[in-house]
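As structure tokens, one chain now follows by itself in the form predicted alone.
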Amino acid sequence: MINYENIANTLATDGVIILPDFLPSKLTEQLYQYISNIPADQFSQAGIGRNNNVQINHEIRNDVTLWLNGKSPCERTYLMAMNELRHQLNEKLFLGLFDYESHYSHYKMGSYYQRHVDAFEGRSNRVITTVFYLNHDWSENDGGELVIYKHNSKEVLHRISPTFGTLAIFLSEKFPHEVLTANRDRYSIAGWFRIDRPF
């Protein structure tokens, strides 16, 4: 059972929380099977920037993405779970989160995403970032860890293995992070809870 009180309290104090086995393993497996069987030509090269300022820069990131659209049952169930998380965070932290956007991320062997922030302070409507991992039997040699840094620092706060069923949640504006080079196919769902604020 999801402990929403603990999630809210930890985000309020630390700004980051890592949750193993966040969803039932059956649903996580369905999401993995779904994404891993989508034809490669359905994915788009990931860019940097927002809206009309999106650019492709392989020196910064070279993963591919596909936005969730809720067409599959497992996607709909996942989005319902994240909507419930949104309601709980609003109730407990008064954040005013009004929606959630998310995409699948596929890091092929050799793919990475250099250090960045998901939202620039006061200039974006992304407030909370989520990353849900779909990878079986991930080992240290497989690379691909999410590294979260202290705000305005090189100090590492968390180094998270992209292990099946793990959900990372953190404040979008506060924590620089990067994805280290993956040594095998790495799948996840990246998402953002947003407030109604102009870009």
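Keep in mind it's a predicted model, so treat the numbers as computed, not measured. Counting begins at 1, following the sequence as shown.
The form predicted together with N-oxalylglycine exists for this protein as well; it is not shown, and the discussion that follows is about that form.
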On the criterion of a non-hydrogen atom at 4.5 angstroms or closer, are 100, 172 and 193 all touching N-oxalylglycine in the predicted complex? no
Using a 4.5 angstroms cut-off on non-hydrogen atoms, would residue 116 count as touching N-oxalylglycine in the predicted complex? yes
Taking heavy atoms and a 4.5 Å cut-off, does residue 131 contact N-oxalylglycine in the predicted complex? yes
Does N-oxalylglycine come within 4.5 Å of any heavy atom of residue 31 in the predicted complex? no
Closest heavy atom of residue 35 to N-oxalylglycine in the predicted complex, within 4.5 Å or not? no
At a 4.5 angstroms cut-off on non-hydrogen atoms, which residues of 147 to 179 are near N-oxalylglycine in the predicted complex? List them in order. 177, 179
